[in-house]
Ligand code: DAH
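For reference, the chain that follows is the form predicted alone, supplied as structure tokens.
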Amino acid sequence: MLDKIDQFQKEFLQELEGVKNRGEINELRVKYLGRKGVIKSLLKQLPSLTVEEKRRLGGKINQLKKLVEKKLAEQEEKLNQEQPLTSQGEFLPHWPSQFGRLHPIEWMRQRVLNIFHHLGFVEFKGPHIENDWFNFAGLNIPPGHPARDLWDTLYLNQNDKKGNPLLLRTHTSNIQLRALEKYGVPLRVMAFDRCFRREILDPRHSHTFSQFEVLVVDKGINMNHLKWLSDYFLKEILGQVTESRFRPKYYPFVEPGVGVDAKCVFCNGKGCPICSYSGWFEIAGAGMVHPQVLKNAGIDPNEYSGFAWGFGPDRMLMLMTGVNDIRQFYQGDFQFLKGGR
């Protein structure tokens, strides 16, 4: 696969030399960086490799991605200088120059995915319209289980072909069984996407929100791996002085389950209004994958173990930016979004 990556890099540089206009730059961008492009196709091959191969090849693929992005940006800038859109003879209106910015959630998405790409994780997308099995029953939450009351679910008035009720997914955990069934083990996947619940809108709740989740299943996975990952992520996203702690917490699809807290970066654990004077605030929920969930995916829990770990990016953004109302991320207010990231 290393030879294939090197060959793609060589082909890209050769194609870049022949670029003459913006249309050809865009074609190259789609070919190499698009959803069905070269980079995505390479990343899809990682789950079938060993952990060591994933670590080595994941870094190599990321280097290729950064090279493509850099070279395309340089070529685009060069063309902008040689062929400005507002030059005489072009029939385009002249508008005041403005630089766009990433939506805050997209900025967070790219930052989080990059952190985990470096650890060999592959992004896995689950459907927004889900059936009851993948969202609840297969995750050790059968019909009538009291834990279902924790999710204010939006059901559709129809079933899938197997008779399972359809609903708008309430969490990104619906990827767990799907990813295990598709790729088998060992597995290291992540998801960053929207979820939906029948929430009463207020500054901390919305019917539409983002979640990020990772799932790791392999031989010998234990809580030490989970603690290391929590510490690593929090230091990457909040700074190297950040500390984390685990508290016992219940989630039906993990056993044991934990709440992951971060020491408040604003008061360094002394207590302030932002952390409700506790010195800590909850960042994520996590735990070891419940044996029943592994069985539901056809995985022997006596041979394999794993952990799931996830957090709410919207609330993390509120903490990082000082935004005090989650609804601002979803209302399309131009004055708010002009701040960008």
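Being a predicted model, the structure only gives us computed values, none of them experimental. Residue numbers here begin at 1 and follow the sequence given.
One more form of this protein exists, namely the form predicted in complex with 3,4-dihydroxyphenylalanine; it is left out here, but the text below deals with it.
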item	value
Single option in R148, K235, R197, R194 placed near 3,4-dihydroxyphenylalanine in the model of the complex, where near means a heavy atom within 4.5 Å	R197
Residue (of N140, N131, S244, Q211) lying close to 3,4-dihydroxyphenylalanine in the model of the complex, criterion heavy atoms within 4.5 Å	Q211
Stretch in contact in the model of the complex with 3,4-dihydroxyphenylalanine, which is absent here, among 25-33, 45-53, 63-71, 283-291 (heavy atoms within 4.5 Å)	283-291
3,4-dihydroxyphenylalanine contact at G58 in the model of the complex, heavy atom, 4.5 Å	no
Partner contact for W309 in the model of the complex: 3,4-dihydroxyphenylalanine, 4.5 angstroms, heavy atom	yes
Residue contact check: A179 to 3,4-dihydroxyphenylalanine in the model of the complex, 4.5 Å heavy atom	no
Contact flag, Y251 vs 3,4-dihydroxyphenylalanine in the model of the complex, heavy atom cut 4.5 Å	yes
